[in-house]
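Before any questions on binding or motion, here is one chain by itself as structure tokens, the form predicted on its own.
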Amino acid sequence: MTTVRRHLDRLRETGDLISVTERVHWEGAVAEVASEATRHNCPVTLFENTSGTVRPVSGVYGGADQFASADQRPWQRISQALDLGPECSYTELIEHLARWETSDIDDVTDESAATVRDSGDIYSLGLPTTSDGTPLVSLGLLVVERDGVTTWAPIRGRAQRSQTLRLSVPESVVEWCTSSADVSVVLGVSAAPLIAALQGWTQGQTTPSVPNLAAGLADVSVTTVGSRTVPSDAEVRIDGRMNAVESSVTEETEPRAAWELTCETATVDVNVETVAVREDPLVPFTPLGEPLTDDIHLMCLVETAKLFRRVNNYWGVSPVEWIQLPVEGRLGFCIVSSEILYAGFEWQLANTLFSFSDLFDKVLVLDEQADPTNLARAIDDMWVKAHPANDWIFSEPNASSAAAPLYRSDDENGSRLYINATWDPRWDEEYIAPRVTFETAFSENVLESLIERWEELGLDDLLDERGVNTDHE
């Protein structure tokens, strides 16, 4: 089982984690440093020296900007956290998430998830604060039970007072359980429970058996607290009683998490009774509202896996090679690489994707040979292979606005766009331009000369020193 601690150890071994040993105060400063780190593709940032009990860590499930980095992939940290290894390809990761398999949880330990502290004061934990100075709760789970079934749900919120948490949760969770129930809020859990909670409650259908979904993604160890099944690797566990809050008394002035764009939400208060922590607890968090943060990466992958599974079961065949919702810029883009089964298939494919998700209002269709690791080439194909007069197709301006784009948040209707950057399946091979690569752009004698000069200059060693991928051969 890959716990948060084990995951961080691996990242440290590969040089993808940096420890901040200088004193950084959890009020404001931690979140500001984390925001700058994610914005500039920095390694995972662990704050070792704060005045609180927990050690905050940012970027645990995030990743690099695809336009800026040559040796890091945006999804790499998540695949490692699921024990799929650093060499796991993007397509393999999407296929793994798209299986939607459930497994029995056999490893139920008697070990307590964490040690109960004397004080139930949330402020003493030292969680990073929001812009108004209240402790932020992110990348955690709400654990609640009904009729012997425990579910885990995504949360976003803050400390309302020293012994009250105000949380945003999927509305369907509140409808599923009783409005007043004993619950646990767990922080510092591994990737599988976080992803399973998103799959169970934000995909347009409710699947309460989230612990079994998590077990289908990776090894998960659980324990019991009261009648609830809780991830035993949780670094912090807050037990209390949940109460629904009327929407008329809630304030929504703070940034929302990415998963809140995909479902209706409700607000609940958790009256804290006990707080349990591990020794030197590690708590991943995400500076909400910033680019490239963990919650955006997780939600984009979960939504992509849903689309991948549904479109590849729609026509009775599996024409789609991969789908990607790029996290860069939150532009509301869906890129899909597919075999074009017949003339007009790309139009049907785009409309099917629009019908399955409202996170985006643009679909870019690429040929099946397109590389999912090369976003720049995908954008290049959009300009080179798709003529604006023939291949950029706008719908009538009466479509609902997409949920994710930052540029269109007035809830007004508008147009959707699909761009066909594929070769017409009716064309003969001789009319299709060959892909220009290093190998095809130069004659053999020029290639040999270039390779010789490359070796003479020792450029491989230079690139290795700078940590740049040398897959140029």
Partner chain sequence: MTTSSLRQYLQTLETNGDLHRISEPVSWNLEASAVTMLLNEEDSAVPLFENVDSARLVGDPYRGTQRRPWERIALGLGLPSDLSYREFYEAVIERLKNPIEPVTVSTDDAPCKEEIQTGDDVDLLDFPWPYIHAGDGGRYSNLHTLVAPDPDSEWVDWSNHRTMIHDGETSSVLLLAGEQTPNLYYYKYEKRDEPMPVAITVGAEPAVQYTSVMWIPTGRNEAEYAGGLKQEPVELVPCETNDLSVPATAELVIEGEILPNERRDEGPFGDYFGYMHGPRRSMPLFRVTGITHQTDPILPFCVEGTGVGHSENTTSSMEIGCVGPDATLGLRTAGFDVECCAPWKSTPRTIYAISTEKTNPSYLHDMANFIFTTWGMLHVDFFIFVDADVNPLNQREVLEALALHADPDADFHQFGVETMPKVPLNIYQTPTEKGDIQTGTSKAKTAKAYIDATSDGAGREAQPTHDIERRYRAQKILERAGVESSELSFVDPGEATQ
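Whichever C-alpha set is largest while still superposing within 1.5 Å between the two forms counts as the rigid core. Numbering follows the first chain given and starts at 1. What you see is a predicted model, and the numbers here were worked out from it, not measured in a lab.
In what follows, reference is made to the form predicted in complex with the partner chain, a form of this protein that is not presented.
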At 4.5 Å between heavy atoms, is Ala37 in contact with the partner chain in the predicted bound form?
yes
In the predicted bound form, does Lys385 have a heavy atom within 4.5 Å of the partner chain?
yes
Is Gly344 one of the residues lying within 4.5 Å of the partner chain in the predicted bound form, judged by heavy atom distances?
no
With the partner left out here, check for me: in the predicted bound form, does some heavy atom of Asp65 sit within 4.5 Å of the partner chain?
yes
So which of 301 to 309, 385 to 393, 92 to 100, 219 to 227 is the stretch with heavy atoms within 4.5 Å of the partner chain in the predicted bound form?
385 to 393
Taking the partner chain in the predicted bound form and a 4.5 Å non-hydrogen atom cutoff, the residues of 277 to 303 making contact are Gly289, Pro291, Leu292
Align both forms on the core first, then report whether Gly458 has a C-alpha shift of 2 Å or more between the shown form and the other one.
yes
